[in-house]
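Coming up is one lone chain in structure tokens, specifically the form predicted on its own.
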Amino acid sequence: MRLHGYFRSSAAFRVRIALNLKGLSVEHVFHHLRHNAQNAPDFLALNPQGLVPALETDDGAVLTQSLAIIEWLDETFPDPPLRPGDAAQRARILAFALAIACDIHPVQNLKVLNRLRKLGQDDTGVQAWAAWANREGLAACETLVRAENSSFLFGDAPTLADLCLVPQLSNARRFKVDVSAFPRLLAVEANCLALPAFQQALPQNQPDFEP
């Protein structure tokens, strides 16, 4: 399998964690998003959206969108399960993941921030927008799981929800958000980062990392 990504992409970060948890090795192909490599013709032929991650499977299929890739991984390599429990629990895990992947991440990603610049926002305004998106969204996420009493968001093992949380907290810090307002999320993050699967997936541990 080949994973197309970029060290700073939080969506690719999610997939790296999933691969590590399942003990899967892939060939990594890096596309420098700030240099517009995602819009190169050869990559657009692979993923017309011009987004990372994209996963090429052993049978030649091309999968896009991080949550769809993780779902495929979970169905194809079911141990450990990333959406365990009964139907209600699986729905809660997915809802938390979607709160990040659909409601926070898209409005603060590079494509949107670059569009804000083209519309006349200066760097201060762009930074403020990204910080707002993270702060508001993570506050809601904190409330969603405040009553949970477990090592991870939904139990004693990482799930899809945790795979989305850790990269998003990394984004929030990059945009200077005071994450101390989210103690439950930070406690879970610490437990996640104690695991090699999360540590190895960190942006700074990727071959294409740039300070």
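Just count from 1 along the sequence shown to find any residue number. All values derive from a computational prediction rather than experimental measurement.
Not pictured, yet referred to below: the form predicted in complex with another copy of the chain.
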- Query: Looking at another copy of the chain in the model of the complex, is some heavy atom of each of 22, 37 and 198 within 4.5 Å of it?
  - Reply: no
- Item | Any non-hydrogen atom of residue 157 within 4.5 angstroms of another copy of the chain in the model of the complex | no
- Examine residue 170 and determine whether its closest non-hydrogen atom to another copy of the chain in the model of the complex is within 4.5 angstroms. no
- Message: With a cut-off of 4.5 Å between heavy atoms, is residue 68 one of the residues that contacts another copy of the chain in the model of the complex?
- Response: yes
- Interface membership of residue 75, another copy of the chain in the model of the complex, 4.5 Å heavy atom rule: yes
- Just one of 177-185, 138-146, 162-170, 23-31 has heavy atoms within 4.5 Å of another copy of the chain in the model of the complex; which? 138-146
- Item | Residues within stretch 109-131 having a non-hydrogen atom within 4.5 Å of another copy of the chain in the model of the complex | 111, 112, 115, 116, 119, 121, 128, 129
